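Each of the two blocks below gives one form of the same protein chain as structure tokens; they are labelled structure 1 and structure 2.
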Structure 1
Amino acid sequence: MSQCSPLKLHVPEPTGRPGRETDFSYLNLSPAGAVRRPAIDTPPLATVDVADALVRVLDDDGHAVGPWDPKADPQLLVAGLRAMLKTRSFDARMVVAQRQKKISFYMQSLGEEAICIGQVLALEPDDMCFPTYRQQGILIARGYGLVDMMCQLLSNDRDPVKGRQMPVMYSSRRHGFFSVSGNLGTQYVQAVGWAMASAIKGDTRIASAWIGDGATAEADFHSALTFASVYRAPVILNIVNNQWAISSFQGIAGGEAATFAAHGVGNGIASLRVDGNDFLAVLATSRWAAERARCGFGPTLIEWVTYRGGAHSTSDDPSKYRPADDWQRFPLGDPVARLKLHLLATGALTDDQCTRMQQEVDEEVVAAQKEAESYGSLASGHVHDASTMFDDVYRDVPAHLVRQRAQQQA
């Protein structure tokens, strides 16, 4: 006879809720410089310790320490900072534009900017990204026009995707940016397929897959891991663990019993858990994973520990489910401030240059917004003509849609 008491359903609960501070000790942080850097051909299972620790390069004084110091060209870091500032400035203005009802919806990436921007700087320009809705930083770092982005957000008649999708669902093959889907997780396994294709064709390009902590619960995530592992696909499998999936915290997605990086190890994939607010750690680990993939040693899964600084979207009110000052208390700080501190500490930038850079990006965003708004918006009715709704369903418009278009235009 078992001595067990009656069973009870375990439902993970965050330590913090409105009015109750979060106990962030669950994050299990490692000191900067403390985690070893495995060889790039390391067997997947040998990364189990790195998947459970936290790779960090920047110490509290902004100095780069330890084996993961990327020894990066200061100009590259300055370019990274500029892209981060631009992304943040862009986001802030678009949130306001939504409030002013100029755009119908928006999702910002506040607090997570270092991750996709740092990774893009570690990739070749023709490596292919399969993003979620929170990687606008990729487009900005790769030089996609701010005006084009804003026209998509305004859904006006210069929207490159013709008003077909809600704001932030960009697409740009030219910038290695796969069309963003509203259905969570689908892109992750597609990235593995793209990487398999690159291997099939004897190419040198690699893929970069993106997903949030919450969406790792989807079956497509698990299929992606299996396929990536089986075919040793040249892909970087990024998980942006920003602690929240709308109102549910990362424990509901499976982050309570194991790190997200540990999921990779269990599937036979080399896995790293990295401070996503540490631009140098992002750059260094992304370079490691890119080299591993390009050299044919297979996929790397990287869990980026960060925090969703803003609301999930402009339709969300996080004060209903998490402490208002949670981000301020998040122990990994703000990625922009940390990179700035490093660049000031190493003398790569002066205070004046920082201020000027901020002014320049703000001016660039303001000018882009002015131009984009001059082309009209959904609210002003300057959208792609309704007749275009019937295009692109198929390569050519079949007879039934020709008929329907005629009816619609009548």
Structure 2
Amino acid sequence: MSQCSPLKLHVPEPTGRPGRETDFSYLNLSPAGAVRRPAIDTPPLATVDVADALVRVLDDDGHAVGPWDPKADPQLLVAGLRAMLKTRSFDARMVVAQRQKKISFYMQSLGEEAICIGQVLALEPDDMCFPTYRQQGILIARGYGLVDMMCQLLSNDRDPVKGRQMPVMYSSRRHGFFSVSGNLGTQYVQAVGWAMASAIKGDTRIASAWIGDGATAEADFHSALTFASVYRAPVILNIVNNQWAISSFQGIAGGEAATFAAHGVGNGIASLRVDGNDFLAVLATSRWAAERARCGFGPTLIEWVTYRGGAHSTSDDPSKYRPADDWQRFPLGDPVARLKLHLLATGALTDDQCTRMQQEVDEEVVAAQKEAESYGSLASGHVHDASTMFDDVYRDVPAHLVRQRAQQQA
């Protein structure tokens, strides 16, 4: 007869809750510059140690150290800072617009701006991104118009998707931005399929897929990893581990027992675990993964360790499930402040130039909002006519829909 105690179900719990400071020691951080940089053609199983450590480039003084230093052009880094500042300014004004009932819903990327912007600057303009609802920085870095983005949020007469998507679920084929899906796991499957098609056609383009830590528990995630590994799809598989899904801690999705990057290694995919608030680390590892994919060495899975600075959405109150000051205490800091410190330390920017840059992006966002709202908003009573919902969907509208439209208009 067994001498074991009665079984108990283990349910992961965060180390911090409202009224109790989070102990972030669970993150397993590595010193800046301490993690090795494998060769581009390294076998997936040889990345086990990198999937467990944390790639970092910037030290506490803003200096770039170690083998992952991308030796980036200072002007590229300045462009990255501008895109991050613009994204943060855009987010802040759109949250206020939602509170003013001009839009119905919004999701900001506060604290996560470096990840998508750093990666997109490592990609080619025609590489296809399959984002979540926190990668608006991709569009901003690729030059998509702020007015068009805001009109989609306002669902007005200039809305590029004509009111058929929730706010923040942008779509722009011309800017390599696949339509955002509220069910995040689907982006992985579609990205891997797109990448496989690129390889079948003998193209040179690669795909970049995005998912949150919570959605790694979805079946789509695991199916995508199998196909990516078996067919060596030219794709970068990004997991944004911002510590929280809607209200559940990342441990519920499996982050307590192992790193999320370990999922990649276990599926035969080269994997990295990276400081997502270190812009230079993001740029360097994204370049590594992009080159690996483009040279035919297969996919790379990257776990980006970061923190969701704000609410999950404007429908969420994070103070109900985590300490209110968690973001200020997060040990990896603020990605905008860290890149700014680096640019100041290297002389690429001065304090005055940083201040002027902030003023310029704020003015640009304000001007775009004024123009976008001139085309209508929820506050002005704008609603799309339901009779147009099937326009531009079918080449030949099915007969039953023609009859239903006629009945509705009668």
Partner chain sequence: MASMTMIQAIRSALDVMLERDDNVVIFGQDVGFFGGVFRCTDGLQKKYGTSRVFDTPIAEGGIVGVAVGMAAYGLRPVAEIQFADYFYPAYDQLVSEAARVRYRSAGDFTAPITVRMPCGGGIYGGQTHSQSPEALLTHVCGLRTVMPSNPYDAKGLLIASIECDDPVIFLEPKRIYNGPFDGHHDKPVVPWTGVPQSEVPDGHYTVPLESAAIFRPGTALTVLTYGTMVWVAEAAVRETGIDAEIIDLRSLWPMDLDTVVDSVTKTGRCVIVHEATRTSGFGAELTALVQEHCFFHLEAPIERVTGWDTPYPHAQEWAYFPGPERVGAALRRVMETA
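Under this definition, the rigid core comprises the largest set of C-alpha atoms superposing within 1.5 Å between the forms. This structure is a prediction, so every number in the text was calculated from the model and none was measured. Here, residue number means position along structure 1's sequence, counting from 1.
Structure 1, not structure 2, is the form predicted in complex with the partner chain. Residue 395 shows a C-alpha shift of 2 Å or greater between the two structures [criterion: core-superposed Cα displacement of 2 Å].
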